[in-house]
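Considered here are two forms of the same protein chain, supplied as structure tokens in two stand-alone entries, structure 1 and structure 2.
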Structure 1
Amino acid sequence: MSGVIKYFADILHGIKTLWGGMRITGKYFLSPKEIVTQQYPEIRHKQKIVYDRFKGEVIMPHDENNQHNCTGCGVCEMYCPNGSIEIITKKIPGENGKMIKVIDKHIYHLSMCTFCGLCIKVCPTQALAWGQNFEHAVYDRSKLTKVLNKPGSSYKGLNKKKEAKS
């Protein structure tokens, strides 16, 4: 007899637990407010979808005079574990005729970067920063190699030195 009771108790218990699960899904079915998905391409224009610290890519901020903070010291190149940074320097005549070393091209291979943040942390002049752009899809891999210092830009410190002297 107890076997029969257990048999039916099992069935009832099973139905109860199943109904418990159905209540959850049923509840969400009836509450569209709980929807959490975002409509991606559109939402970009409506609100900011990444936080300020988001690591999208490494950038080099330039000020309004097209000047940046990079001295071309090469520390970031040395620290980068993946060799995603190449520093190419050039010599230009300085104040008193001496040749000084400045950055020619700060080459950044986005495709090789693992976003470890070391380059940004170690830069002695805080020349690098994180950019929030994350839509990096391109048709050609070579497009992922970027030159971070803009053409015609120069090192901020140079002027300061000049100003200080004059």
Structure 2
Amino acid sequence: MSGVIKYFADILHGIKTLWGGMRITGKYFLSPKEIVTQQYPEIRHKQKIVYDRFKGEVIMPHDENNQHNCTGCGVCEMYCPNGSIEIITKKIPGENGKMIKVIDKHIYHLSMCTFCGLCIKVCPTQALAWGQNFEHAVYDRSKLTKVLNKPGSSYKGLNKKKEAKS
């Protein structure tokens, strides 16, 4: 007998929660306090659409001298659960003849990214951040593969090491 009582109690609980949700929806329908829905295509160029905490895509910020914080350590590549980050490094001769590892390409496959944010959280130099771009519709999937470091960019720490030695 307790199974039948539980069955009807679950039905009544479902009706009660449905009624609560419908009450809130009806209240906003009749007298909305704040309209949060934006007419997307029309408002796109008029005002900011996304919030600051929005996870749009992974970017590598550069300063005005085209320098970034990425050392090419590979931690973000290692922690990425589905391999959407590839780091290609090269070695260049330093001032004392010792070879220094620098980043050649930091490749980001947006089509494979799950936007989990592990790469940003584990980066020891805070070289990666969330971007605000969200319009990624393309006909060619290869356009979703991006090189995050800009052409001719360099690591900020190389200049600091040079200045410290001189």
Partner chain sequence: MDTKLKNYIVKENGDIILNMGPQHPSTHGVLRLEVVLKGETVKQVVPHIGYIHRGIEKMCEYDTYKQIIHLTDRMDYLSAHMNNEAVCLLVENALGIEVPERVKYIRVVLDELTRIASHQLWWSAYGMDLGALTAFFYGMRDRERILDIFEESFGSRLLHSFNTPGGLMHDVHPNFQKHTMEFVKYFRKKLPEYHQLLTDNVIFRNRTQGIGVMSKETAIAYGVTGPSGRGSGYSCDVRKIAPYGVYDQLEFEEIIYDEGDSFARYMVRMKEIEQSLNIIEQAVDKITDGPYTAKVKPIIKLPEGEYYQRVETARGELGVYVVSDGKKFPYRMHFRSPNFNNLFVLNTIAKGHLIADLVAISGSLDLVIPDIDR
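Between two forms, the rigid core is the largest collection of C-alphas that superpose within 1.5 Å. All residue numbers here refer to structure 1's sequence, counted from 1. Keep in mind the model is a prediction, meaning the values are calculated, not measured.
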Pick out the form predicted alone: structure 1 or structure 2. 2
Spell out whether the Cα of G117 moves at least 2 Å between structures 1 and 2 when the two forms are superposed on their rigid core. no
Would you tell me if P151 moves between structures 1 and 2 by 2 Å or more at its C-alpha, with the rigid core held superposed? no
Aligning on the rigid core, do we see the C-alpha of T17 shift 2 angstroms or more between structures 1 and 2? yes
Rigid core fixed, the Cα of K27 shifts between structures 1 and 2, in Å, by 10.1
